[in-house]
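Taken one at a time, structure 1 and structure 2 that follow are two forms of one protein chain, written as structure tokens.
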Structure 1
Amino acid sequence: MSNSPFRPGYSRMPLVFGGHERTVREFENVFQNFDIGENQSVLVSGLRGAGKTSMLGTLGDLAAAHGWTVIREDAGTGLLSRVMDSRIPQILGTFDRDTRMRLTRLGIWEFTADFDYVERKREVTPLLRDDLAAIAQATDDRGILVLVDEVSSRKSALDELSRFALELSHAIAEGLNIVVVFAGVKIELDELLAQPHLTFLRRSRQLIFRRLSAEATRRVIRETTEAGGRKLALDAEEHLITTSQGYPYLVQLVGDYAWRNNPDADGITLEDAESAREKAISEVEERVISRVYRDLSEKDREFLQAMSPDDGVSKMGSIADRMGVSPQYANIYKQRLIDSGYVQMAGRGFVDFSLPYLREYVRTVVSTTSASPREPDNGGWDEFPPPKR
């Protein structure tokens, strides 16, 4: 019996990382040629399960493979001290002897006689910007990638992250080869951008993670199955694609259930895919969609509730009516929900859910009742409508 190659779960790197080809290519160029350009600071936003952490992991691996120093932490209390007191000394310990000797001479850290243990010199006021500059100097400015995941807008976390970002901005202003990537839920990242003194972050490149295209989804499902050593029937493939709707977490979940249905068989069949559907959808509702819904404010939820009676797209006018608010007011909420990836435009005056199965979930939360079709180019998903439940 072979183990499933699918990796459903938060922060579990997929075996096959689909989509985002351009971003990955661009970063490869950054790491290889130091052609940093507009990628100096990047903000990755998206709903839970959209693949933000996996992207950080992918970038971290890529950078390390090109000899960059990678500093990766979750935001939150103690960020600065976690980085300065444990992450950086740990990284310093991995440098070769020559580099460590050079670091010693810079006077920030002391190493033991055989250079295998680092201690910060007490007479120096520790500043992250100095640490980064020292690492850059000792490594001939070979590049430092700073990855910060789970950006949160809780006050204490935000204060700490602001101080951290300010240090980074000083290091960047020195002209060092530093690239910074922050990841989090859109609403939380927006709070960070609103902080004073963080102008450099407001100039960041913004990457918004939504669904994978139908083609990228196909590649992930097929290549993951084949890497696991089994075949994938064509009709099973279609079925898994339509069930997942390209939502990364769900792609891994439905693939995993299909794999486990009959793991000793030669390949995954349509029957396996069918048996996986209900399980994967209810699991994604429980682990992802419910949390994504809870991330919203009361008013945002009211907007989604006002959309949920419709079987297809919702008319903005009807939403405003159902909410009992003016069209202008409803528009503000529409825009916020579009920006954060919950909702998408579906032609003039119409919106639709952009997270699969969110409608069904919202219906279970409330109980309410119908409108019409068509949406613009949406990554090829018109050919793969979600299955009726």
Structure 2
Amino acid sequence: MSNSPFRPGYSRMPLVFGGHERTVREFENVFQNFDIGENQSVLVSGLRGAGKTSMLGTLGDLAAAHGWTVIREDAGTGLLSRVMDSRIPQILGTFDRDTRMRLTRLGIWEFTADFDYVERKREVTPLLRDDLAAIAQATDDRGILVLVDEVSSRKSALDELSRFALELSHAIAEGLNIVVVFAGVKIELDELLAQPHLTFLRRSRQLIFRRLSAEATRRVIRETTEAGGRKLALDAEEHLITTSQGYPYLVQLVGDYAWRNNPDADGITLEDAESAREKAISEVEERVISRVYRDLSEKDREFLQAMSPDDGVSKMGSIADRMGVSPQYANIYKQRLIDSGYVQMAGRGFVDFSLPYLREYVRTVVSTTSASPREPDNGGWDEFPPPKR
């Protein structure tokens, strides 16, 4: 039995990365020829599970293969200290002896006689911009790629991100070969851009991750299956494409379940694909969609509930009527949900769900809420009341 080549877990790089081939080629040119151009700073936004983290991993691998120094961290409390006190020292340990000798002469970090990293020198307050400049000087400015995932709009996180980004802007202003990539949900990235003193980020290249096309989905499913050493029946392939709806996380999840249904067989059959359908959809609803829905404001939920009766696109006028609000008021929440990635424009005056199975989930929520409440199941303990004391 061979292990499944599909990788639905969080932050696991897919074996076959689909849908962004042109972008990947452009960045390979950046890393190979230092042709940075518009890619000095990049913002990657999109749905949860749309492949943003995988893109960061792909860019990191490409940059490292061309000799760039890669600094990768998640946004959050302690970002600056984690990069300067942990990530950069780890990177210093990977440099060759000659590079560490150069770093020693710069006098920013302490090294042993064998040029093993010991600690930072503390004569002056350390700044990230100085660390980056020192690394660039010691590596003949071969390039530094900074990747920051999971951008959050929480105030504490934004304050930390703002200080971090400001340090990066100073390093960029010195003319170093630095590329900066921030990834998160668009509405969170917009909050970061609104912070003062981050003009360079407002000019960033925007990469918006949506669902894969049908053909890109087909390629990912087929090539991943073949990379695992098995064949994929055409009717099974069609079923997996239909089930996944091009949502990258679901592509990996339904492929994984289909693979595991009969792991000793030479290929994946329609029966395998059918067995994976309901389980994969249920897991996506539990792991992604329900959490997305819970995180929304009450009015955001009302907007989605007003969309849910429609089998296809929804007319904005109908949504406003169902919500009992003015069209102008409904438009505020339309834009919020578009920025969050859960709704998309579908022509003038029309919108549609962009996250697969969100409509069906909302309908279930509405149906459950409107139905008579059921008595909670407490595991049969009504027949065994606790003893009196």
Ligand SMILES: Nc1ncnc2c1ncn2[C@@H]1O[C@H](COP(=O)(O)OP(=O)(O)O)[C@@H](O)[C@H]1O
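We call the rigid core whatever largest set of C-alpha positions still superposes within 1.5 Å between the two forms. These numbers come from a predicted model, not from an experiment. Numbers given to residues start at 1 and step along the sequence of structure 1.
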Structure identified as the form predicted together with the ligand: 1
Core-aligned C-alpha movement of Ser340 between structures 1 and 2, 2 Å or more: yes
